[in-house]
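In structure tokens, the next block holds one chain alone, the form predicted alone.
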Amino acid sequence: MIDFEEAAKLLLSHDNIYILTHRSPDGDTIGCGFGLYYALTSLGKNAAVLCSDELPRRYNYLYGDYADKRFSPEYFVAVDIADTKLLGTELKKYADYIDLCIDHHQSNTHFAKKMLIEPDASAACEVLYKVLEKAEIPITKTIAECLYTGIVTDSGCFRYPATTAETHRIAAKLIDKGIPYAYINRQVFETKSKQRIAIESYAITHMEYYLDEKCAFVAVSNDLFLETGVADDDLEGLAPLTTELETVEVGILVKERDRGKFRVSMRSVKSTDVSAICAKFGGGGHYFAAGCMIEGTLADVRMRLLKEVASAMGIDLWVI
């Protein structure tokens, strides 16, 4: 493990850097990736942001002017990636070459040569902000937009338990750079496609409740993907819907993108560690927000998850 100062020195000492983001990219990995990109290129370095999946349209204000220029990299940096399994199909070839990881997940598998992990930070962008401070790289308005986006998305607009006074202080400094924070919040949390509205309506209508209504479960099947034409980025931020009922303590969203393969997103609003639950299926994340991948039938996946949630909550299985 290294500190902010050593991470800053490592970034400053290399000139040709590939920045790796995780599959199914969210605001934090995109904000961290492009925030670092703009910081490095401001110093005259070569940098490129890579992702296995298409970047969500809602974040195009961060990468609209980005020109993807590939070169021979001498250094690889992973941002907001807890495990090389999250690199995705296109980037998995770099799994054994990652020099530095900047992250905030407690479940990080320590895969890089140098690790900077701050599990108490609300977002990887919060960690990167401190690295750029140590590197004495000026935080421009463009960089500030990236970092604010990552912080506001991963903190749930400052609602999630990982939000601290330090999170608010950093956000305030970024706002002082003149960023359009109201636009960013609307773009991230309120602007939705027709397909997204349809999926939200489906999720609310078809949500199932278990464990004396302490657990909510909703599944988006492969057939529904095909029927509605919904894109993966339209599902970002859907998991918190599962915890909106006042009695719910754990919410589960499962997405079947390929037949028999379910991507699971779990949320907790009280004392259940969903990262520990997801770890049992080869996943991980944070105490209150985590994910994993499970193969099987929907009925099998549902029961396996509910059994683990019941065990973690100390509830008899018969309640399922």
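Numbers follow the displayed sequence, beginning with 1. Given the structure is predicted, the values throughout are model-derived calculations rather than measurements.
From this point on, the text means the form predicted together with a further copy of the same chain, which you will not see here.
- Each of A171, S201 and T243 comes within 4.5 Å of a further copy of the same chain in the model of the complex, counting any heavy atom.
- With the partner removed from view, the residue among F111, F217, F225, Y160 that has a non-hydrogen atom within 4.5 Å of a further copy of the same chain in the model of the complex turns out to be Y160.
- Contact with a further copy of the same chain in the model of the complex, defined as a heavy atom within 4.5 Å, holds for exactly one of K134, K141, K194, K92, namely K194.
- Partner proximity in the model of the complex, defined as non-hydrogen atoms within 4.5 angstroms of a further copy of the same chain, places exactly one of 217-225, 101-109, 67-75, 183-191 at the interface: 183-191.
- For the chain shown alone, V248 is a contact residue for a further copy of the same chain in the model of the complex, at least one non-hydrogen atom being within 4.5 angstroms.
- a further copy of the same chain in the model of the complex is not approached by L43, whose heavy atoms all lie more than 4.5 angstroms from it.
- a further copy of the same chain is not drawn, but in the model of the complex it has a heavy atom within 4.5 Å of E213.
- Taking the partner from elsewhere, D176 is found to have a heavy atom lying within 4.5 Å of a further copy of the same chain in the model of the complex.
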